[in-house]
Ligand SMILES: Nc1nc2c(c(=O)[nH]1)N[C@H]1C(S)=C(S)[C@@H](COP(=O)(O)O)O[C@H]1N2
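Below sits a lone chain in structure tokens, taken as the form predicted on its own.
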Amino acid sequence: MSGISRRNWLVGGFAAAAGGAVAVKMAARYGLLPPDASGIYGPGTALTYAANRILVGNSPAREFSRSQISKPFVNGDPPKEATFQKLQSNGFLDWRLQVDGMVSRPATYSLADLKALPARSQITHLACEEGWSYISEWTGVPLAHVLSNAGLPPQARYVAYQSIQKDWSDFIDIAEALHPQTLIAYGLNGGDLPVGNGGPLRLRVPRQLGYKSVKYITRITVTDRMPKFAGDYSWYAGI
């Protein structure tokens, strides 16, 4: 972030902690005001988000060796919706990912379309907010590549994503969306992404807690305002 050093932010941050209004003004000054900076918890949220963004910046999440991959780990049951089961019955050939919102070239991708795009594999740690975790190799197309193809406007601030499970959606800020480790994942440990791990498509956000890596995604929407989302936790979960 131009115009501010980590040291200056930390010094200012300690001062801001003593006065909520100062924290909000300081975050806003450097374009780091989160969408939930209002209300009684707003100042603390503003300070936490801005400090994390300054200190972490574009640093990558830690990547591991193959010898550190966890034993096969399934962390969920397949969706029970008839729509999902029908798609699964033909190997997800009809699965589609819609990309829309504030983009100049909205698009719809099949799994084959996504697998034809430049891929990235990374062995990262998924940390669940409920206490369990595992290390796996994830393969997919960087979200940044898909967003670049769609044409991002300069005023884009957030990227929302929706699961086929209608009560499950979330969003990340544009900085996290464009990070090279943020993937539209379709592979796990050298094979297709199992349904129990979110297959056929899961957004993988390794720099944030596990609930941000939403399973069974069918839609990605670019917006300039805080989206509505079906989440029980904070919208920002940087680790």
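Don't overthink the numbering: it's just position in the shown sequence, from 1. Every value quoted in this text rests on a predicted model; they were computed, and no experiment measured them.
A second form of this protein, the form predicted in complex with this ligand, is not displayed here; the remarks below concern that form.
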query: Any non-hydrogen atom of Gln122 within 4.5 angstroms of this ligand in the model of the complex; finding: no
query: Interface membership of Gln88, this ligand in the model of the complex, 4.5 Å heavy atom rule; finding: no
query: In the model of the complex, Thr139 touching this ligand (heavy atom, 4.5 Å); finding: no
query: Heavy atom of Thr182 within 4.5 Å of this ligand in the model of the complex; finding: no
query: Proximity to this ligand in the model of the complex (heavy atom, within 4.5 Å), stretch among 101-109, 165-173, 143-151, 114-122; finding: 165-173
query: Those residues of 78-111 which, in the model of the complex, come within 4.5 Å of this ligand by heavy atom; finding: none
